[in-house]
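What follows is a single chain, given as structure tokens, in the form predicted alone.
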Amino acid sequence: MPERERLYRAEGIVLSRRDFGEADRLLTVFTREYGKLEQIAKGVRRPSSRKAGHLELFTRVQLLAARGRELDVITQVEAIETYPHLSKDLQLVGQASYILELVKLFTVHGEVNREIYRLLVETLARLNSGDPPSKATRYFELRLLELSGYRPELFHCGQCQSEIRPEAQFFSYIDGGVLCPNCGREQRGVRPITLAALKVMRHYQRNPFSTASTARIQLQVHQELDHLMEGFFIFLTEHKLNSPRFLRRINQNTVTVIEEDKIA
């Protein structure tokens, strides 16, 4: 194979990594030009490696890679954006990990999707800049569903097609959206959704982030949507998600510390 065909350059985000052999590391990188790729960084775990600091999680990189029979080999890499604040706060680590986990599950190896790549870059930048993590994540969830072809129906019943009225409804993972009370009560595998939570989903679905993020949302509504969206993503991907469990442990520990401080 000619050298110019064997080597390629790409911009990407490191989604995951794991140790391989004595000094190498296997990485999943979501690139702008080639989609999701499995690559190997040889010798990166050695103390003398110059690549190590450029291949951390959440890092946006410019890389040069050589095509291999099984895995492409990263030969050069340079960090474009490290998003330094993400690694300093456990809540941000959890939120960013959740974003990467969803991108890894919703993208196909070697399939280019520049819109999802742009959404990923924008979301990591929002988390790093201090935007409320719950709002940045909520917007990401609904945009990812739309870009992946799973935009939830929030305005008409998924069964009878009647217009949804301003009242508590049901959400059906199978139907991919809201069911009216009459239809929802007769279906299995649905969960109730409050009017407040439905309004938030609609608001985020039809507005850009600059507008969507101005809404004031009560904590219990965010918690309701956390569970609803986690269930929807598990249904769609048929995979248990690790990051939400990590976030719940963080939040539980935070509450415990606050309660202990009050007692003291």
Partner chain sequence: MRSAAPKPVERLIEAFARLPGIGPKTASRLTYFLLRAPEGESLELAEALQEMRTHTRFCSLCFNITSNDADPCLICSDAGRDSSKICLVEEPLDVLALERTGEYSGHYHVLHGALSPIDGIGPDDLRIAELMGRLQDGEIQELIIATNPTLEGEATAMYIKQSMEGSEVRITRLARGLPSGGDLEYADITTLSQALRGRSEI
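Positions refer to the first chain, counted from 1. Computed from a predicted model, the values in this text were never measured in an experiment.
Not on display, but discussed next: the form predicted together with the partner chain.
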Legend entry - Among the candidates Glu186, Glu122, Glu153, Asp89, the residue which, in the predicted bound form, approaches the partner chain to within 4.5 Å (heavy atoms): Asp89
Inset, instruction - Scan His54, Arg32, Lys42, His203 and let me know which has any heavy atom within 4.5 Å of the partner chain in the predicted bound form. - result: His54
Inset, instruction - Mind telling me which stretch in 192-200, 33-41, 54-62, 226-234 gets its heavy atoms within 4.5 Å of the partner chain in the predicted bound form? - result: 54-62
Inset, instruction - Report yes if any heavy atom of Pro208 sits within 4.5 Å of a heavy atom of the partner chain in the predicted bound form; otherwise report no. - result: no
Inset, instruction - Could you confirm whether Leu105 comes within 4.5 Å of the partner chain in the predicted bound form, counting heavy atoms only? - result: no
Inset, instruction - Answer with yes or no whether Leu144 is in contact with the partner chain in the predicted bound form, where contact means some heavy atom within 4.5 Å. - result: no
Inset, instruction - Give a yes or no for Ile13: in the predicted bound form, does one of its heavy atoms lie within 4.5 Å of a heavy atom belonging to the partner chain? - result: no
Legend entry - Residues in 115-135 close to the partner chain in the predicted bound form, defined by a heavy atom within 4.5 Å, in order: none
